[in-house]
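Taking the form predicted alone, here's one chain by itself in structure tokens.
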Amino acid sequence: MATPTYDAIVIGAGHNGLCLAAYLQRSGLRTLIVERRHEEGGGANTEEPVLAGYRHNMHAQYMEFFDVMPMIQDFGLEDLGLRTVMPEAQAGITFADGRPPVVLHRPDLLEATYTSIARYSKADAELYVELKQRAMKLEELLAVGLYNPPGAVPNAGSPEGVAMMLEGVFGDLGVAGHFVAKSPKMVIDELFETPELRALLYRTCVEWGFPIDSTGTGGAFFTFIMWTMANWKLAIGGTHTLAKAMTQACYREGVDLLENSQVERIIVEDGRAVGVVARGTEYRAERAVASNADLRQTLLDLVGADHLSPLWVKRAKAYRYGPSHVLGTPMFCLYEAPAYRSAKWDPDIDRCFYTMVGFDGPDDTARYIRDAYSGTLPKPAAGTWVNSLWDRSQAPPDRHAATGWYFLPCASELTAAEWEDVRRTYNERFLATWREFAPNMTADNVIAHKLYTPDQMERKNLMREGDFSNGEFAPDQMGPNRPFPEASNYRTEVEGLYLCGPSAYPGGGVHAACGYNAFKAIAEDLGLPSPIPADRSY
């Protein structure tokens, strides 16, 4: 039998791999995707792991990039079944003593956000609303930065460029260029006086990628965090519907997709990637191979050190996974949605897309984050969501599916027996805390529950250490340094081999920018047409 031959092969059908494959096929390259699992989407997956009829998003939850994601527009994903809803109350923090919650609403409802924050501080309310309005005006500029390789826009991502932008956009609010050198926590503490608001902002920073104590990332608070915060959509039917729509787009373009096929190695001949071996079968690629797998797996396991320079071997071995983006996903099947003590001040907290539970203020929020990052199992607390409040397909009639994120230590910090003990006990400990905040969260209200831990994420989705970004977010692994400077443009030193997964810029998150930007790099190398339509700047 003849060896199957394609123009391009993409390793992994995560959403970045699907994105890249669709553009490659549309550009005229016959493309194959090879996926180790039985379904596509990677971290964009929704399952029923507790009870039938109760759907839980296992990884990705908040869709903050849908308004700017090129593939949604270019391939008509809404015509292929992608549906969304945008809850009015977006992010909130509630309290066991029943004091007023802080609730951040979507961008068209900033008056409600102002009212919520102003219960504590009118000055903080005015500043937050002003920062949010200005950050939203930066959307196209931020999208251009996201959907281009780092360095494509001169000086845009440099500390000097960010400092100039901060002073130009926010300078009259007391924001100076040196804020770039601060950590997000330093910025939040300097700007806002309300402890309750600071606690909420700490948690939202780390939920979307920026450790609160990481110096040199303060500028990201004003740009990326303020732009994306409370600007989230819910995928109707679960986030896997995005993966399904992207898969259908690939099929419609003519992409071949091979499931249940672990890639064993990338074939390198005379310094060039020419194909892959999967399940013992060789598949040839005449023009390009791209990997959605993580950096170490791609370079050290699939290519092999024999085909790399000593520098690239050293860089790959030095690449770090976690502790940022290491999560546990608790899942609860409920009779009733939580009813919070704080709702007496503002009922919106009971219909909030994302709710912090188990935190009293900024100090214990910071301690929780630092414990997880240092390898210590934190005192149970969580960011929670009840998607069935807006999407009835995610739970049976008159029932609710609640999910959340715990920040937990890296997978290697605990033994297999210790992780098993966490799965057996941690949810119950959190439920005891949850009842202090929402009295109806009794044992009688919980039909069943389950916890998905970092070690399981590592085995199931090859998210090393349970890190869904497949690489720590720190200044030396972000921007033009991701995954390391010599590999920051999606190309590798192996001719014809490209990176298209979250180990590449800009990292984790459901934005498909890694796949889109990898296509731009391949298109430049192979003389393919640009994916940018006339009416879009990126």
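Don't overthink the numbering: it's just position in the shown sequence, from 1. This is a predicted model, so every value here is computed, not measured.
One more form of this protein exists, namely the form predicted in complex with a small molecule; it is left out here, but the text below deals with it.
Asks: Just to confirm the contact call: exactly one of 285-293, 342-350, 309-317, 357-365 touches the small molecule in the model of the complex at a 4.5 Å heavy atom cutoff, so which is it?
Replies: Stretch 285-293 is the one.
Asks: Work out which of Y120, W390, Y251, W405 lies within 4.5 Å of the small molecule in the model of the complex, going by heavy atoms.
Replies: Result of the distance check: W405.
Asks: Looking at M441, V175, V274, V263 here, can you tell me which has any non-hydrogen atom within 4.5 angstroms of the small molecule in the model of the complex?
Replies: Among M441, V175, V274, V263, a heavy atom within 4.5 Å of the small molecule in the model of the complex occurs only for V263.
Asks: Is V34 near the small molecule? Define near as a heavy atom within 4.5 Å, in the model of the complex.
Replies: The answer is yes: V34 has a heavy atom within 4.5 Å of the small molecule.
Asks: Is the gap between N517 and the small molecule in the model of the complex 4.5 Å or less for some heavy atom pair?
Replies: No - in the model of the complex, heavy atoms of N517 and the small molecule never come within 4.5 Å of each other.
Asks: When the contact criterion is heavy atoms within 4.5 Å, does Y62 count as touching the small molecule in the model of the complex?
Replies: Flag for Y62 set to yes.
Asks: So, L82 and the small molecule: in the model of the complex, are they within 4.5 Å at any heavy atom pair?
Replies: Residue-level check for L82: no, no contact with the small molecule.
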